[in-house]
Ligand code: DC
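Next up: a single chain in structure tokens, the form predicted on its own.
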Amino acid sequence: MRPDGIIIAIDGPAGVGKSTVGRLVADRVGYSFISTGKMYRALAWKALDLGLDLEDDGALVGLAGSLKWAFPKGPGPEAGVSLDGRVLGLEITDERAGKASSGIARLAGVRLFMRDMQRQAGASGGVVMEGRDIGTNVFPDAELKVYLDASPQARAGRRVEQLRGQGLEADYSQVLDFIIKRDAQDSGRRNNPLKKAEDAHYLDSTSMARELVVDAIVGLFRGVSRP
């Protein structure tokens, strides 16, 4: 038994709402929350800012190792990722950072660095961690694994709504095209591809309200964590 509770691993494709759902679940059960997607976006944002070659695995790993990473705990946007004391928000939500993070997430060295950092951050339990390979690679021994899915069309619609809610321009057809291509890249990449863990609970959220998805995962948590 981990000292702080169990690990809830939420995996799934781009734009399915893992971060929002994961944060709400964490709030409900009193756990900390880590979005591993934000970690890749943060590294991509920093690399873009410094003008690094996004294909240079060694340079990116060196950059990642030189940064001071932290994962602020708290409700809402305060639960995120911090680099060198700066909590990142809108900087890492635009499509430029998203596309760059998709590219660097294919690199073996970057994935290994991230995996080790994620394992260290969640080792004691009491955490909801979301990403694309949490239940299969980062924490294959997680006590609760959920694979959250939705149709590409539903995910594109949600992403457009999210971006516009942040005051950003978003074109549905372009977002849908990006999601379809991202799905192919994530599931087809050589290093830790996106896939459902054999012992994960599958949730199709295409026609589910967010609150119902959260309720379902909290219900699974209560079943696993009950003595």
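Treat the numbers as computed from the prediction; the structure is a model and nothing was measured. A residue's number is simply how far along the shown sequence it sits, counting from 1.
What comes next is about the form predicted together with this ligand, which does not appear here.
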Notebook entry, point to check: Do D186 and this ligand come within 4.5 Å of each other in the model of the complex, heavy atoms counted?
Noted result: yes
Notebook entry, point to check: Though only this chain appears here, would K196 touch this ligand in the model of the complex if you measure heavy atom gaps against 4.5 Å?
Noted result: no
Notebook entry, point to check: Might R132 be said to contact this ligand in the model of the complex, defining contact as any heavy atom within 4.5 Å?
Noted result: yes
Margin query: So in the model of the complex, is this ligand close enough to R23 to count as touching (4.5 Å, heavy atoms)?
Written below: no
Check: Any chance R2, G5 and F139 all have a heavy atom within 4.5 Å of this ligand in the model of the complex?
Finding: no
Check: Considering this ligand in the model of the complex, which of R158, R182, K46, H201 comes within 4.5 Å of it through any heavy atom?
Finding: R182
Check: Looking at 98 to 106, 146 to 154, 119 to 127, 80 to 88, which lies within 4.5 angstroms of this ligand in the model of the complex, counting heavy atoms?
Finding: 98 to 106
Note to self: Residue by residue through 1 to 37, which ones have a non-hydrogen atom no more than 4.5 angstroms from this ligand in the model of the complex?
What the structure shows: K18, T36, G37
